[in-house]
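First comes one chain, alone, set out as structure tokens in the form predicted alone.
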Amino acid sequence: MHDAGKIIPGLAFFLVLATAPIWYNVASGHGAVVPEIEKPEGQTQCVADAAFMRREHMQLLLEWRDEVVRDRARVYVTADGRRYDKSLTRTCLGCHQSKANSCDRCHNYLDVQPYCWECHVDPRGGL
């Protein structure tokens, strides 16, 4: 209890330091710039709506992987009856022409390293 004179200012200093990036963004009026991904050319609809795909695409791909490998279920049918191959390279990269301009931009921004490309190969070259 005798060190309260050191602990309280130390905690205050830590909180200011830990929240400095937030305060900097608030004070400057600039938030983080979200990367713009390359939109599919000539396509008007995706497998699901854009908000769902931004939020849940990895979960969807994992479900597809399990269903294809375990159950041999290779076709995805949407609620409105559209049919798609459960395929990262044929379905996803069939519309999003460039892995670098769609997948990599967001994954690099968020600093995530999905393991899709440990097995799959980008059909247009590169990994």
Partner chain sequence: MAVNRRRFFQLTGATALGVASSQVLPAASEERSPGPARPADKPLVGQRWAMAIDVGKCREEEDCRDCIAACDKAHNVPHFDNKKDEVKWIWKEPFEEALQNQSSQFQAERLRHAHVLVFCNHCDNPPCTKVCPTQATWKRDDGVVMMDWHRCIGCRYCVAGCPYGSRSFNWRDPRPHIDELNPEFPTRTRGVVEKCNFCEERLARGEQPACVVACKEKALIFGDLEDPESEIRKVLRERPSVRRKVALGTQPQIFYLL
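In this text, all values refer to a predicted model and were calculated from it rather than measured experimentally. Residue numbers count along the first chain shown, from 1.
Form predicted together with its partner chain: not shown, discussed below.
Asker: Considering its partner chain in the model of the complex, which of 110, 22, 15, 119 comes within 4.5 Å of it through any heavy atom?
Answerer: The residue in contact is 119.
Asker: Looking in the model of the complex, any heavy atom of residue 10 within 4.5 Å of its partner chain?
Answerer: Residue 10 lies outside the contact set for its partner chain.
Asker: Even though the partner isn't displayed, in the model of the complex is residue 95 close enough to its partner chain, meaning a heavy atom within 4.5 Å?
Answerer: Residue-level check for residue 95: yes, a contact with its partner chain.
Asker: Report yes if any heavy atom of residue 30 sits within 4.5 Å of a heavy atom of its partner chain in the model of the complex; otherwise report no.
Answerer: Contact with its partner chain, no.
Asker: Would residue 91 count as a contact of its partner chain in the model of the complex, using a 4.5 angstroms cut-off between non-hydrogen atoms?
Answerer: Contact check for residue 91: yes, within 4.5 Å of its partner chain in the model of the complex.
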